[in-house]
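Okay, so we've got a single protein chain in two different forms coming up as structure tokens, structure 1 first and structure 2 after it.
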Structure 1
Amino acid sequence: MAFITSFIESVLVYTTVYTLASLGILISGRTGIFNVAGEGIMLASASAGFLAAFLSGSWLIGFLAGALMGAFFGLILAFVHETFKVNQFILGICLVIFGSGLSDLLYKLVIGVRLSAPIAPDTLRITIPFLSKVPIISGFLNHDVIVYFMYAATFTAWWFFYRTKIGLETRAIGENPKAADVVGINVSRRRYLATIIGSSLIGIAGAYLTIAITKTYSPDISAGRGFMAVGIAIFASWKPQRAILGGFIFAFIEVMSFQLQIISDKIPYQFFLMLPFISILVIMVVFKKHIEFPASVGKPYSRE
């Protein structure tokens, strides 16, 4: 029971990373902007968030810095696309490369070379009385505040898109921006807001890697999880309630691969590192008939 509880706790930690990143991608995708720059945003935010947390001694400031860095990337993405109509995928790849270089540059400029790695301050943990001591159930509840934030962000995104007028209008932009424009919805403004908010969530996911999981920064710390989040958003058909399910599935596979590396000494560990990426390809093939896209995702819109 103790092992199962510990395993679930580990899965929920990585579920937080995947879910927040995929939520950020699907929020902007609902307005038609396909944010494939998640990997670069996570890397830059991981570095900025860790540095802010380490220098200030506050985990909260660290996550705010990560969110701001993500919002900065989202602003760049929205501005360049909406102003110059640059292809979203090419722009996203450029931002991935930019974020990868910026993350290492920031760390080296501020920290430099040290004999011992700097450590981030502890993130606030929230324990629910009684339930936090129940085996298995405690694996879902005995966590730091960002895990609970992930729960709240998922519910809020679902409620916004499916239970509010503004949310329905936002979804309409992703399906038919011209029709939304005709009825008086400011398409460009909504795309800016969605991309900036979504990118800030990706930034929090990146900061979570360095502040809460590893508690220090290392190059390429996101290890492809930003690209995995794109696959999860597609698997989720741009629905928040399915994004958290996809995040849990791929987090389970990743944690399982860690366990297999420990118990198996005959299979090269690189094979287990491949498992999450192989699994997402398999799942995409299996569920391809159930995957839906907003009609205008990836397409620029100009008022005529």
Structure 2
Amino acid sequence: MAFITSFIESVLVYTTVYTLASLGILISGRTGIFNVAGEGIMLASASAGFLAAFLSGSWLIGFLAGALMGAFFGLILAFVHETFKVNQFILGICLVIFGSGLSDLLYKLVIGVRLSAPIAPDTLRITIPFLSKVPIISGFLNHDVIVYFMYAATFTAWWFFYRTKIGLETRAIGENPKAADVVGINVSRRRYLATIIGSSLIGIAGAYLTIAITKTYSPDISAGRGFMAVGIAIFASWKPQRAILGGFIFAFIEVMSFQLQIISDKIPYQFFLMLPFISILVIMVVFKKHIEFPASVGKPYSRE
């Protein structure tokens, strides 16, 4: 029991990273903006968030800085796309490269070369009376505040998209921007908002890497997880409730593959490291009927 509880506890940490990042991607995707810059945003925010937290001594300021950095990237993406109708994909890849450069440069300018890494302040931990003691359940409820933020963000996104009119309208943009436009919805403004809000969630995921998980910055810390998040958003059919599921499944398999590596002696360890990626493909094959794309994702919209 204790083993399962601590296993879940560990899985939830990575779930948080994947879920927040893929939520960020799917929120803008719901308005038709395919944000593939996740990797770059996570890196830049990991750096900016850490630096802010370290310099201010406040985890909260750190996460805010991460979110702001994300918002900045979202703003660039939305602005260049909406103004010049430049292909979203190419912008995303540019921003990946931009972010990976910016992250190290910021750190280099602020911290420089040191023999021991600076450390971020501790993040607020929240335990819930009683529930955080119950085996298994406590694996979900014995975490830092960002894990709870991730629950809240997922729920809010679901509520927003499926229980509010503005959410319905936002989904309409993703399916058919013209349909939204002709009923008087400001497509461009919604796309800006969604991209900026989404990107700041990705930014928080990036800051989570440094402020909460490693407590310090190291180059290339996201190591491709921003691209994984794109995969999870697709896997989730761009639905918040499935993004958290996808994040959890992927983190689960990732954590489990290390357990399996310890247990097994015969199989080369590289195959355990491949396991999460193979599993996602297999899961997608099995559930192929349930994978959908908002029709306008990736496409520019202009009236004339």
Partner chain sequence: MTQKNKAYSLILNNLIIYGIAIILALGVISIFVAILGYNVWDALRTLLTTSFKSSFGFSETIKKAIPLLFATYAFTIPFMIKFFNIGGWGQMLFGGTMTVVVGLTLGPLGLPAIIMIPLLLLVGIVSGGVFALVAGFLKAKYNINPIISTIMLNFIAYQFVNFIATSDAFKDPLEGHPITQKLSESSLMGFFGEIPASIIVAFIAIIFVYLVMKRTRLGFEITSVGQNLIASQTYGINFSKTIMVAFFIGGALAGIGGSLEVINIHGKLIEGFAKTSGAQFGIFGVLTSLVVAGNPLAVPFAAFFMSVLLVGADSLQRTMQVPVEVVFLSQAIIVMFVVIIREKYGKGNK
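Note that the structure is a prediction, hence the values are computed from the model and not measured. Residues are numbered by position in structure 1's sequence, first residue being 1. Take the two forms, find the largest set of C-alpha atoms that superpose within 1.5 Å, and that set is the rigid core.
Quick check: structure 1 or structure 2 for the form predicted alone?
Only structure 1 fits here, because that chain is the form predicted alone.
F272: CA shift of at least 2 Å between structure 1 and structure 2 after core fit?
Indeed, F272 is displaced by 2 Å or more.
Did Q261 shift 2 Å or more between structure 1 and structure 2, C-alpha, core superposed:
It does, since the Q261 C-alpha is displaced 2 Å or more between structure 1 and structure 2 after the core fit.
Once the core is superposed between structure 1 and structure 2, does V13 show a C-alpha displacement of at least 2 Å?
False for V13: its C-alpha shift is below 2 Å.
So, with the core fitted, how far does V286 move at its Cα between structure 1 and structure 2, in angstrom?
The shift comes out to 3.4 Å.
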